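A single chain comes next, written as structure tokens; it is the form predicted alone.
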């Protein structure tokens, strides 16, 4: 049984703590937020993640997982200390490392024996060296330690499965023995393990997220062209995805990416490039396209309604993706604010995130279910592709709306079915639909001149 401490009990830290304890290790999870720790001790999780509540409860009962606000307690017997704190975006897009710095200083002051410090947080290239220097300079007396970079690749909503069945484990260190010891923690997962230097490991994380974000912005750019030419981006993406060089993942056109990773990681990588005098034109284009998708949904709604002032708009979904309660950089919140700024009244329904959303945006009226949401609404905008939205009684939804208008920001409905049911429907890059082939023919005539 290995002795592990995890600093931070957010999405990454709590999942890491629960999963390592479920693998048979003794884990102490630490956070300086006393309310969070008190809630965890009482069995209340600070986040929503499918399966996590049961996993935490099982390992607490088995005495493999405990929680504390005390660094000396967390480090008393630890051989491995994971730093899993937040690294939000700073003013210029740079990663804010104040929480990493604070954790490193506290580790330095509390350690009483040699440990391996593992950066799990997404941090700029060079942070591993910086953390080592912070620990070294704040130790009351010299104690051996090593720093390893172990970036996480967890998807919110599927984090437990991603931890237990990883595509790869990336470990970076200047101390090969330390990297090998951390690798041993992951052997039971039977995953490919990449061992490299600190800076390369840190770069792998940023490059991975930037490429995935680029795929999303690319397919959204294609969606906009499809819409202009009368093609259906869903079928285009399906046809593209069968090419093994491309694949089907991250080719879902819609409102773009949000959450705590892609936006801040792309901005941070662009900032790092610019700091070194390197061009980040592609990365900036990825961000610009992403912002444009959110603005586009406003314009679609405006066109269908003939103006937004005084209209009542319902938002289906608030989180940046399904199966999470995370509202960080959620497209729905920006869309809601822009609608309000243009004189609309906004209502919303989300399966899990409404309490948090009400605190962030008290002007949004929350509904108990999608049908109550539709009552009196001039239009519905689909912002999150929760499964329950895919199986709605569409005839009931149509009859409840003031106007049968649906703007589908996630392309979860079939355009032809929606039109046959009497909806005025707009998706993202869905072309004109098979019921409007004549319009496609006119567009072709304009393009070819025939």
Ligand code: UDX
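Positions refer to the first chain, counted from 1. Predicted model only: the values in this text are computed from it and were never measured.
Quick note: we don't show the form predicted together with the named molecule, though the next part is all about it.
- Residue heavy atoms within 4.5 Å of the named molecule in the predicted bound form occur in exactly one stretch of 355-363, 317-325, 339-347, 276-284, and that stretch is 317-325.
- No residue of the trio 304, 413 and 424 has any heavy atom within 4.5 Å of the named molecule in the predicted bound form.
- Not displayed here, the named molecule is kept clear of residue 83 by more than 4.5 Å at the level of heavy atoms in the predicted bound form.
- Contact between residue 202 and the named molecule in the predicted bound form is not found at the 4.5 Å heavy atom cutoff.
- Using a 4.5 angstroms threshold between heavy atoms, residue 97 stays clear of the named molecule in the predicted bound form.
- The named molecule in the predicted bound form comes within 4.5 Å of no heavy atom belonging to residue 125.
- With the partner omitted here, the residue from 218, 271, 130, 153 that has a non-hydrogen atom within 4.5 angstroms of the named molecule in the predicted bound form is 153.
- Between the options 252, 334, 227, 378, the residue in contact with the named molecule in the predicted bound form by a heavy atom within 4.5 angstroms is 252.
- Interface residues of 246-274, taken as those with a heavy atom within 4.5 Å of the named molecule in the predicted bound form (partner not displayed): 250, 251, 252, 256, 257, 258, 261, 262, in sequence order.
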